[in-house]
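What follows is a single chain, given as structure tokens, in the form predicted on its own.
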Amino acid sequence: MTTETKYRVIGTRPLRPDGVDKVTGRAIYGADVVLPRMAHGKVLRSPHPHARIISIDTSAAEKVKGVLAVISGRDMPDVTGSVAGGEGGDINMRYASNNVMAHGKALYEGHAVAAVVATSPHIASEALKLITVEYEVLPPVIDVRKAMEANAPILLDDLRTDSGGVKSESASNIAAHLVAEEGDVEKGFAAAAVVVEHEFTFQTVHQGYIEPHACTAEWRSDGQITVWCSTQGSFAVRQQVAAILKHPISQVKVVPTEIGGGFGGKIPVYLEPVAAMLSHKAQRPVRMVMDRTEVLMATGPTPGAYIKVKMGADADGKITAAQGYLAYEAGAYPDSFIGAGMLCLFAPYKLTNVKIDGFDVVVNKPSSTAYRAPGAPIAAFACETVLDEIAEKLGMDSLAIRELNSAVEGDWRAFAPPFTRIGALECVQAAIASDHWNTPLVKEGADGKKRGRGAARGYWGNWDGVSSAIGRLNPDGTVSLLEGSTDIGGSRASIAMMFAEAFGVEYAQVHPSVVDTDTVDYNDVTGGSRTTFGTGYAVYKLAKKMQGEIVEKLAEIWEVAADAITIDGSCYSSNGHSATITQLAKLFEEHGVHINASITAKGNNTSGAFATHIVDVEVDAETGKVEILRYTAVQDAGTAIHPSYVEGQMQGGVAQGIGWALNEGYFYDANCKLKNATLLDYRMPTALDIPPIETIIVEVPQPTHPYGVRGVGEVPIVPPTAAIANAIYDAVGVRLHALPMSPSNVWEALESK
């Protein structure tokens, strides 16, 4: 459904510049860095989900031949304050430091308590076994509702509940209570013909990136620290490492390697400060690589949650009131993205009477971090399930009620100004007009399995952030484009395309590179669906700045007024003079002129993006197994810079959403011990679980971007869980209010029915 392009480069599908290196194995990932005299670090982790550390004896480990140094929390400096990081929020550095290495208390199973550096990873692993830690085991709490109880075990003695800026007097596991409201919900419910209310529970889920966390650090004798790592934000790593180690930020350099997936999980630091400290003590470069169990046990997954949603509608299907109660598990330290969950909960809908209460709650699990639209998928599951039931009770088509109530420009949203121009309605209308929605579904398979169709909507707010870039015109007419945004989903190509469009050259003339923190100015993380928007905005301004410099220098050479020079694509003309960029590059070389510009820019991403999904499922009532038969994702991209990458982001988000819906979740036993910390037991979808995913790109340009870009990476994971739940209901008549909807959980629901 993309509109006819008005651009030369934007909207085409060129090859990605990093593709050959990645498919041939030349690309350097986090674990590929090799330095002279490099040593290897390993981390000792707590076996207890909640325990006070009484003592740590490292003497036996230090005597092992090949061991170079051992550290624990007592070697880490005490830090305070916060730094900007993540998707626009601040990172509490004392909590970040404690998460990197436990200071006095282990708050989750897998919490780092000590680390060893040795001449080989095998020696380091063996030495870990010789470290003796004396613990005082404390009662753990891993369920958000139990953690909120007055008599619950307290995780952080200094944590007070922040409610509207007012702190509680006594310690609490509730870090924050947020409220967003508009109108009068009680009045709205009184006017409703139908009111539906349900409670929902959600397990912790991991991002599941293929590449584990890996880094190499070198702390030189002159105080310079260099870190090579797999990260979504090299400047975020630089800030965190400098703050945690109390080291001058000017003496910390971060070199981003290629990244084998992140989805938000590679924004916080875990190994980097530890590797740097070990390097300092060993006086060698140190490489550290997590194994998969460490990744699942000790890095930031999504929050588990308890959600209650109540919605009412009049006899025509118009929503009269909506109320939400969201309690999110932040893990060991505050920040569960509860605000984002509240923002996205009812965002697709026009609401005049709404109230949302949100609670950020610490529990004895790994400290949660972003995962692709953090907080939004579970919020959408609750809202979209309730709305689907309202439609059923009113005898309405499930997409018709969504079209009727769709948010449009000017409508309210939580914690943000009213929407500017958005494509929410257009996405629903495109879904209604789709081949999928208009193809009749055979309700029963040949083997008697029941089939159903479901739909759901989703929203993500997008972030803008700061981006920097450098452009250098080369003598052969090409441009070296240096950027600070980690490339996760093909952003080198999309950024180069926007620069080429603005600068008037062909895509092949632009050579993009992702560079280190000493080469380019400050750049925010690749996250929050900001990179194509934010860095695209920066390179647009960079291209215009370079054109201005070319005109200025060219005016001197041609001896004409600058305002007499016109630009038509790559051609510059004035008073009988005419030259292309390639010709000008050679001319500038002859005159000793260099065109080299840099830019730092922050856009204004005002509205975010919407999606509507449709799914057909088949349910085996005897086993509870759900099979996805057909899936269509409709999404507003604003303008699809590289349509193939937009489609890929949509398909990838759906694939992860299917896993979240049907299989994924942390499983804890009665002692709060994680039982599925391997990929043999943590069930992610494979190619056998995912059908071909159909995509429909809607283009309603974002008004504050020169090319109308909206972020596309996060919205596609928001609707799948609810769409699948609604399809399961359509197939077998049971509504599920918890994730995952695994075979056993579906079977139990059918048996209860």
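The first residue of the shown sequence is 1; numbering continues from there. Keep in mind it's a predicted model, so treat the numbers as computed, not measured.
Omitted here: the form predicted in complex with another copy of the chain. The next part is about that form.
Contact with another copy of the chain in the predicted complex, defined as a heavy atom within 4.5 Å, is made by none of E197, L394 and E618. Heavy atoms within 4.5 Å of another copy of the chain in the predicted complex are found in one stretch of 303 to 311, 332 to 340, 220 to 228, 169 to 177, which is 220 to 228. Out of the listed residues T517, S398, S72, T369, T517 is the one that sits within 4.5 Å of another copy of the chain in the predicted complex by at least one heavy atom. The contact residue chosen from T420, S163, N474, N604 relative to another copy of the chain in the predicted complex is N474, the criterion being a non-hydrogen atom within 4.5 angstroms. By the criterion of a heavy atom within 4.5 Å, H511 is counted among the residues contacting another copy of the chain in the predicted complex. Another copy of the chain in the predicted complex comes within 4.5 Å of no heavy atom belonging to T580. Remark: T678 does not count among the residues lining another copy of the chain in the predicted complex, judged by a heavy atom distance of 4.5 Å or less. Although the partner is absent here, A60 lies well away from another copy of the chain in the predicted complex, with no heavy atom inside 4.5 Å. Residues of 591 to 618 that come within 4.5 Å of another copy of the chain in the predicted complex, judged by any heavy atom, are H594, I595, N596, A597, S598, I599, T600 in sequence order.
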